[in-house]
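First, one chain by itself: the form predicted alone, in structure tokens.
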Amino acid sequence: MSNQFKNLNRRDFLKKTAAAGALGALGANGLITQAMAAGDTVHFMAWSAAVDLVKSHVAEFQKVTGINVNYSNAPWAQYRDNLITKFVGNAPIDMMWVSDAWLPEWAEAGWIKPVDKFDNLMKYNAEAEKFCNDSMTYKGSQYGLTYYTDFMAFLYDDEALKKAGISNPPKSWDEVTEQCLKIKNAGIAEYPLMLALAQESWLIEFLAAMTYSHGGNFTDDKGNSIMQDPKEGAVRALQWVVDAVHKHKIVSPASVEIGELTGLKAFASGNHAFALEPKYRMRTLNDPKQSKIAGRVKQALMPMGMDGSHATVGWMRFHGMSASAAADKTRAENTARLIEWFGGKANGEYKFQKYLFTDIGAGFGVKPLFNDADVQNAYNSYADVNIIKEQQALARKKDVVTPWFGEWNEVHGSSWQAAILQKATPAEAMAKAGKKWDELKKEMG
């Protein structure tokens, strides 16, 4: 499943928010009229993934509840803009799939509303991964229930390690360096560690995983930048990458031009011993039809940096409720029931998240599914379910998802690349990124 980020451009955000505000000037009567026109139908929009599965689950919901659902979808590439057009145009929309990257923008614009008041939804928080609940929360309010989740994983080619006489994968980034040098000196791989650091949508995931595992953060709990702090920020992680490229030569200098998919193919071809990749890629990497190293790829916990941990970054998508649905009691209650049917339990079971996993391999955010025999068997056919469970529990949300994320992220990614290309020191690079964050935060309030 793609994890593309559509950059949140500050100027576009302000423009679209202004448009939404103009429409909002029509007053509550406009919303009430819309609700009356919608009747008892819940209008549900998603991107075009697992369409037949969604239709089947919708049909079952209609049969059980008697509530009609108007389901529509759009390709992922057009989905965000399509939905914003519906929001601004006040088109009928009640429940929709939302990326965690869009939450601040859509909440600030008033297009989606919290679901905290629905006890039938909040009861699932206790069984959901913490980073999922955190990722659905903005300014203290929760906006939905999980649809899909995943995290950045540290993978290795077990056969490459054995050829170099290494019996266990590394537990720290220092050990990564040591093992990479051993593999490199044995002639097994010129650049044992694959890092995909091209300026693309995946980049923030790679950089966040490196930063978190080194004990750093980009911002503090008040949203202020600390990425430039040598002890609490991303400087240590960036320094490790710079050393890996230039001092130890275990990561290719071309890493700044390698995208996630290109890196995946290189790892699958047997060109590397280690790689940072989204966890769901293990299904591909251990498929003989798609990978030359199938059966050899295993996962280890994310290595720890000095004063760091095995933490990684996670991301998720969720079922949200529109402002127009929330404004009408009946529509809101019906929408909350559909959200529960998809994001919570249907007839007492986490059916939809299990369906998604067994059908297309999409990760789930509810912990009880790890105890499901079908899930365990499916995971264990290409991975170790216990390692996945342990690493997912250590995943953290991105602490930079804000209305100005996209504009800042361009500067941030370029800053990392400048340091890797030795056009700036890691300290200078992160100082530049931190300064940009502070400027945008002040400007956006």
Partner chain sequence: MRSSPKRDIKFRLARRFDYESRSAALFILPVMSVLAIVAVFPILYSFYTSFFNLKLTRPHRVPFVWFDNYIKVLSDELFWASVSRTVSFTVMSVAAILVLSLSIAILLNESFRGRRLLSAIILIPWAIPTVANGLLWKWIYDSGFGALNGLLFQLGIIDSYITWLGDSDKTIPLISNSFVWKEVPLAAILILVTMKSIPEDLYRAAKVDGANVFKRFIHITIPSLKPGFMLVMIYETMMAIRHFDLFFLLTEGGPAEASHVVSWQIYVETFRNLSFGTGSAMSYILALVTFALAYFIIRTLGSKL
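Quick caveat: nothing in here was measured; it's all calculated off a predicted structure. Numbering follows the first chain given and starts at 1. The term rigid core refers to the maximal set of C-alpha atoms that superpose within 1.5 Å between the two forms.
We do not show the form predicted together with the partner chain, though everything after this point is about it.
Heavy atoms within 4.5 Å of the partner chain in the predicted bound form belong, among the stretches 238-246, 366-374, 107-115, 180-188, to residues of 107-115. Taking non-hydrogen atoms only, residue 427 never approaches the partner chain to within 4.5 angstroms in the predicted bound form. Proximity of residue 286 to the partner chain in the predicted bound form: non-hydrogen atoms within 4.5 Å are absent; the residue sits far from the partner.
In the predicted bound form, residue 155 stays away from the partner chain, with no heavy atom inside 4.5 Å. Contact between residue 80 and the partner chain in the predicted bound form is found at the 4.5 Å heavy atom cutoff. Here the marked residues 217, 381 and 390 all miss the partner chain in the predicted bound form; none has a heavy atom within 4.5 angstroms. Residue in contact with the partner chain in the predicted bound form (any heavy atom within 4.5 Å), chosen from 327, 122, 266, 294: 266.
Shown without its partner, this chain lists 99, 225, 271, 142 as candidates; in the predicted bound form, only 271 has a non-hydrogen atom within 4.5 angstroms of the partner chain. Shown without its partner, the chain has 406, 407, 410, 414, 417, 418, 421 in segment 404-422 as residues with a non-hydrogen atom within 4.5 angstroms of the partner chain in the predicted bound form. With the core held fixed, the Cα of residue 188 is displaced between this form and the one not shown by less than 2 Å. With a cut-off of 2 Å and the rigid core superposed, residue 110 has a Cα displacement that reaches or exceeds the cut-off between this form and the one not shown.
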